[in-house]
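Before any questions on binding or motion, here is one chain by itself as structure tokens, the form predicted on its own.
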Amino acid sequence: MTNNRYVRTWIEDMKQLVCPADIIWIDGSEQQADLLRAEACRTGEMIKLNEDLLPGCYLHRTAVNDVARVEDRTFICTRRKEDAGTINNWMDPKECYEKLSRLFRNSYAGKPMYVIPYSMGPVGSEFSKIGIELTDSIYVVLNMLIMTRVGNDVLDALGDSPVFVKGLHATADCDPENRYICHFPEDDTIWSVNSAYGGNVLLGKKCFALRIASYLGKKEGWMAEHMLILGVEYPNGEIKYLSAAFPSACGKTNLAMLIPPESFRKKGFKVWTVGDDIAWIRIGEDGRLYAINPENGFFGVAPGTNSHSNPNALETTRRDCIFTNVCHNLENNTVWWEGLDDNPPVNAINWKGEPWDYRKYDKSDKINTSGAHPNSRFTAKAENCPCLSSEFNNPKGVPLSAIVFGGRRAKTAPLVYEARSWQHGTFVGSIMASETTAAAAGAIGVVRRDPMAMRPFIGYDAGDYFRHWLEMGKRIPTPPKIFHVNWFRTDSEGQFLWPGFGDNFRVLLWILARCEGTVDAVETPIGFLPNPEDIPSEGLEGVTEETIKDLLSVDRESWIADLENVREFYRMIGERVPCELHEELSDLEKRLQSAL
């Protein structure tokens, strides 16, 4: 498949370690993929679904102990512990290679080694990076064919270069006590063993596209971020792009595929999806930031996805999709999950492979009583998304007018505010937080800091990551403006004040108007807030002018109470937190105290 001696030598070394029965190169062809799907169905690894209702779709179940990313088993292996930082798990590379080699040894016995050459980003783009994943799992191959660009053209683009990310995965025994997802950023290497769940084994996704790529970005002068990318098209045909970072359960995918309210659609407004999860961002020749989505598909959470919350995502899953750990509807050989509709199947198999009785569902025990696992997934082709941007495959990316951070805060954060500068925006991103929403996740209302929504994904020290943001700001001649949003503010009875979903489009319009300088703002201690009348309210039901004023108010006492939590978080990160961010924190406190 390739004469690249670096690739061939590495594969030979890994072959000696895992001892496969055969080596199969993945060429990206539909013919080969069809053979692999048939083999997966023959062995029971996947189930072919109703071809008339869900053409090209399959169902897969993981082991019941292997259903999500495992942050406590995920390691950054740098030669110096301090370079991995305090919020990452660290292991010495030499120790890790030795430990995992024992687990990998002979793990492919009797099974083939699949060699997957893939490109993160359009093949040949200066934005893009190449990886090769070795795996013993057909499920991994078929998911990588959806999530990345795979094939011989990737090897052609690599040529004789030694620069590629080396990924080794073995399902092994799926033993959770010996499950490891280890990153060696200084070696461009990822090893994953004893898991078959997508987030741990699709090595192009979080492992490469964020943890390894964030390290490469710092070294090479660009940014790998946990951000969606979308474009807002105006009635005159002009399109403005923004990227946005949100922690989990904050509506990230819903925003990426947002449908504007009807009154705006009638005027000709549209939203186009460039990416729902990851953005690689570089400085363009014109001095602006440009972003690409390095992925080629969507690995989305199924529960809660429906025709109201995200019709575009639902439509994307209607064909050529792999469903993982959802409920199997035996009545028509389709799939179902909680939140899809109000018609759970009577004759069904749950995510564990057991007969399921929807009448015994208990919201307080979702894992054991739900039809679909709460973290069940769909892997869908981006090209099947109805609102996919025509710029999706643009090798130069799209120019960013704005960067948006968001969190889930009941009282503290207003609906939207603008940072005072790039440095202040970096500070805003560094203190991003969400509050727990259910007792099952711990005490309700506990604040979890998730800087730039990257807490589990920074491939090096978080303080150095903040420093990289600040240094990038100094290098960007025309930086985008930075904003923070909060769709989850509540009233005294705990009811959401803002309708969310498609109505979030109204906030995006204000953000882009600020970027164009066509609306004013009110300066407050935390940043610049909208005048209430500048949030477009036509057709907005159930939200009064007083409600909008409430949504835009700054609860200074709540902010002051929150500052100690920020300081504690900075102390946890350690001495590498840039002094500029400490100064921003001090200045914020002074402004808040002065306002009181």
Ligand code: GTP
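In this text, rigid core is short for the largest set of C-alphas that superpose within 1.5 Å between two forms. Heads up: residue numbers just count along the shown sequence, starting at 1. Please read these numbers as outputs of a predicted model, since none were measured by experiment.
Missing here is the form predicted in complex with the ligand; even so, the following discussion is about that form.
Task: the ligand contact in the predicted bound form: Arg377, any heavy atom under 4.5 Å - done: Yes - in the predicted bound form, heavy atoms of Arg377 and the ligand come within 4.5 Å of each other.
Task: Heavy atom of Phe299 within 4.5 Å of the ligand in the predicted bound form - done: Yes.
- [ ] Please check if Ala249 has a heavy atom lying within 4.5 Å of any heavy atom of the ligand in the predicted bound form.
- [x] Ala249: yes, in contact with the ligand in the predicted bound form.
Task: 4.5 angstroms heavy atom contact with the ligand in the predicted bound form for Ser137 - done: No - in the predicted bound form, heavy atoms of Ser137 and the ligand never come within 4.5 Å of each other.
Open item on the list: Each of Asp277, Arg408 and Asn504 having a non-hydrogen atom within 4.5 Å of the ligand in the predicted bound form: is that the case here?
Closed with: Yes, all three are in contact.
TODO: Select from the listed residues Tyr241, Phe466, Tyr180, Phe488 the one whose heavy atoms reach within 4.5 Å of the ligand in the predicted bound form.
DONE: Only one listed residue qualifies here, and that residue is Phe488.
Task: Answer option from Pro399, Pro345, Pro525, Gly304, heavy atom within 4.5 Å of the ligand in the predicted bound form - done: Contact with the ligand in the predicted bound form is made by Gly304 alone.
- [ ] Tell me the stretch among 507-515, 168-176, 241-249, 149-157 that has any heavy atom within 4.5 angstroms of the ligand in the predicted bound form.
- [x] Among the candidates, contact is made by 241-249.
Open item on the list: Please state whether Leu497 has a C-alpha shift of 2 Å or more between this form and the one not shown, with the rigid core used for the fit.
Closed with: Shift of 2 Å or more: yes.
Open item on the list: Superposing on the rigid core, is the Cα displacement of Ser248 between this form and the one not shown 2 Å or more?
Closed with: It does, since the Ser248 C-alpha is displaced 2 Å or more between this form and the one not shown after the core fit.
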